[in-house]
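The form predicted alone is given below as one chain in structure tokens.
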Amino acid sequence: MTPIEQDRGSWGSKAGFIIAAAGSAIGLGNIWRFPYVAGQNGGAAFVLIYIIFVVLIGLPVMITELAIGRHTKKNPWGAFELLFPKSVWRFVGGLGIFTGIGILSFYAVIAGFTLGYFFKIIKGDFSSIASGDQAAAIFTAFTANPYLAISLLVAFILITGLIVAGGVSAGIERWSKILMPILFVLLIVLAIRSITLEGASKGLEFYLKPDISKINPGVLARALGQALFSLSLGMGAMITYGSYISRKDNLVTSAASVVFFDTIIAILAGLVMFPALFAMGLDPAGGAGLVFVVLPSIFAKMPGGILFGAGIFLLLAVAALTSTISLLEVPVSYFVDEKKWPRKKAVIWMSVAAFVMGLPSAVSLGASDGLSKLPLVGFGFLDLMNAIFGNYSLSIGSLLIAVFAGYKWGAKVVIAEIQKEGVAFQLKHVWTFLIRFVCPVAIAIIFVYIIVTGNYF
């Protein structure tokens, strides 16, 4: 085995891949974003539609990305280049690589905030607050400190880089096996604590009893968007992770396992948030500030609040780390495969790139200049990066991958890859229908919706 082949690596086991891929999909989108988007869009009604879209759209696209990766044993750019040399399709892979580093740049900023808030809770900074306004003031002061924001960004990228530098099996797989069980256990403990609060039953009803009358085009669009983005689709992560899968592994059951764990984590996150919110008489549609503004005010009012709060932010930091690992691995795999760089060199340079790209986002929330509210778009630099990379790029990438698999590469070729080593694909006709007709149309609708409405989820 050559040094480059050693740098590229492979999963040590199917279970290791499932845990690592689930870690890629599970992140702040599940723990932070899913609850507040659900709270703004009808609670249980949103959850019901979200689960439907995860099964009908998310799972077929994930199977497709894993098949492309395993068939080519390449990064996103290299995969499309190998299948159709010198064609425009390689730019779909290039979009995925650029999207990965773009998302990492602002994602690591928010991830750094969760790490900082973990230590603030431990220090007791929220023990004496009496209202949400006080919690909001603390958050404003926290984000207004550019040196702190930049330091936390550096810390999170450094931790991520050290893990990815360890390689696929020794680094990503090993640490995912440690981090994911911690994440799951923390969620269960926090969910039990939340649902046992006095008055939590109203939150459970809001979250688990669907009101069909609340379903409208906006809810449908946001549920589809959340399903797509939550599963790390359209950015090359699953193509990259799929390239490390053994030919003997069942791609369908692997993809189904990842989707299952991702969905379970999101559902558990809602069980942590909504019972506590209703128990404290707070608005479930509080928006993105639920974590950094609303929750600290809850901790100050409840027994064991410091432990509960520290657990929440430790949970968020762990979830973020399992995702930043995959975000960094996407561009790293490109330079290892295509440019023949040693893995550590690729990690260093891509970490530096993510840090440089992340600097404007890190200082934008507390900035008094144009970074906090860009003149042409009306919102901050971090929100702009989220809109470009977290919504538009992922939508375009997922749409093109579905079209590529259904029409250009061909559904029959994908099925043949899935059925290698005698693996049976009982639902191949259902998958073909979904990837050729349902997925492209649905993703195109969500893409048009966010353009026309300017709704960035």
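Under this definition, the rigid core comprises the largest set of C-alpha atoms superposing within 1.5 Å between the forms. For every residue, the number given is its place in the sequence shown, counted from 1. Computed from a predicted structure; not experimentally measured.
There is another form of this protein, the form predicted in complex with a small molecule, and it is not shown here; the text below is about that form.
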| property | result |
| --- | --- |
| Contact flag, residue 107 vs the small molecule in the model of the complex, heavy atom cut 4.5 Å | yes |
| Close approach of residue 269 to the small molecule in the model of the complex, 4.5 Å, heavy atom | no |
| Exercise: residue 30 in contact with the small molecule in the model of the complex, heavy atom 4.5 Å | yes |
| 4.5 Å heavy atom contact, residue 394 and the small molecule in the model of the complex | yes |
| Contact segment among 304-312, 151-159, 215-223, 321-329, judged by heavy atoms lying within 4.5 Å of the small molecule in the model of the complex | 321-329 |
| Interface residue in the model of the complex among 273, 258, 354, 233, criterion: non-hydrogen atom within 4.5 angstroms of the small molecule | 233 |
| Proximity to the small molecule in the model of the complex, single hit among 295, 350, 111, 237 (heavy atom within 4.5 Å) | 237 |
| Threshold 2 Å Cα movement between this form and the one not shown at residue 390, rigid core reference | no |
| Cα displacement of residue 60 between this form and the one not shown reaching 2 Å, rigid core superposed | no |
| Residue 35 C-alpha shift between this form and the one not shown of 2 Å or more, rigid core reference | yes |
